[in-house]
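The chain that follows stands alone, in the form predicted alone, written as structure tokens.
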């Protein structure tokens, strides 16, 4: 048995082989036919007013922070159980992070703790749709309207997942997604900003074009373009857009294969859950998830030894986020201290298992075998 990777990072050879077609369009940089095709695909499929293809999910989040006019002292609410890029994008603009614990069941932000964190300085709530699922977004939307604040969805994990039969990433004023090679659908490295609040579209086009009105120039609405606003090099290259567009063509087939593996894990590990050796993933009832992550929760004193045991047996299992309220940077730069016990507990217990749409049966059986063997020694 060869070492089983945590996720599949390959791109179909035929797509890479045909990259030479880009020579026909004489554009390997940005703002070409394939970035436009990707944008139009997402706008149509997800029914979002505007989709901008970015270099990464981080780039899209940084655009969100600029669009919200974040100023020094503005407060942004985040789940502490989060990836650092999500928080950094706003802190870079001067925002103060306010952390909330996660729900012990679905590992998304604990909606019941949100309202007491909102005050006059609160500019936005940023949620992370974790592991292909989400929190009860409808409850957050009520808070957003009540206090007139913005909602940002970091939807890096949950592209094409649905909440109440509507795609995740279409609820927030702004949402972001990722096409990094660890995601269900990838082009090596890439992302997107989905704009659901139309008031942001005009300015987003300027920020996207390095702070200029180049979009108007390309549309022949002005004779010259010039510096109008903040901006940076956020656009996805045509090479990455080409790969992504062709990977999009059969995403439903790929996701179906991935879901089959996810469901196999869920079925095989049920008996270990009944014996209280582990806990399997739980989703909000109204979620139709995309099988992005299959994780298990084990006792804290088992977690590291189990990861080591699986790694020794050629299985690349791994942990996940560390709580950001306990990070060196946060403690060094902010006076506030948060007692978020669930975030800490989950961080100490979680193990993510290998999953991809091409995980072979013999690999899957090998993983299950050694999970069971580990607990037989306990």
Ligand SMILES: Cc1ncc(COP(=O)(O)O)c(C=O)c1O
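Residue numbers count along the first chain shown, from 1. Quick caveat: nothing in here was measured; it's all calculated off a predicted structure.
What follows is about the form predicted in complex with the ligand, which we do not show.
Exactly one of the stretches 332-340, 308-316, 28-36, 54-62 approaches the ligand in the predicted bound form with heavy atoms within 4.5 Å, and it is 54-62. A residue is said to contact a partner when one of its heavy atoms sits within 4.5 Å of a partner heavy atom; residue 169 fails this definition for the ligand in the predicted bound form, lying far away. Of the heavy atoms in residue 85, some are within 4.5 Å of the ligand in the predicted bound form. The ligand is not shown here, but in the predicted bound form it comes within 4.5 Å of a heavy atom of residue 178. In the predicted bound form, none of the heavy atoms of residue 79 sits within 4.5 Å of a heavy atom of the ligand. Proximity to the ligand in the predicted bound form, taken as a non-hydrogen atom within 4.5 angstroms, holds for one residue of 187, 95, 124, 128, which is 128.
When you look in the predicted bound form, the only residue of 289, 157, 209, 258 with a non-hydrogen atom within 4.5 Å of the ligand is 157.
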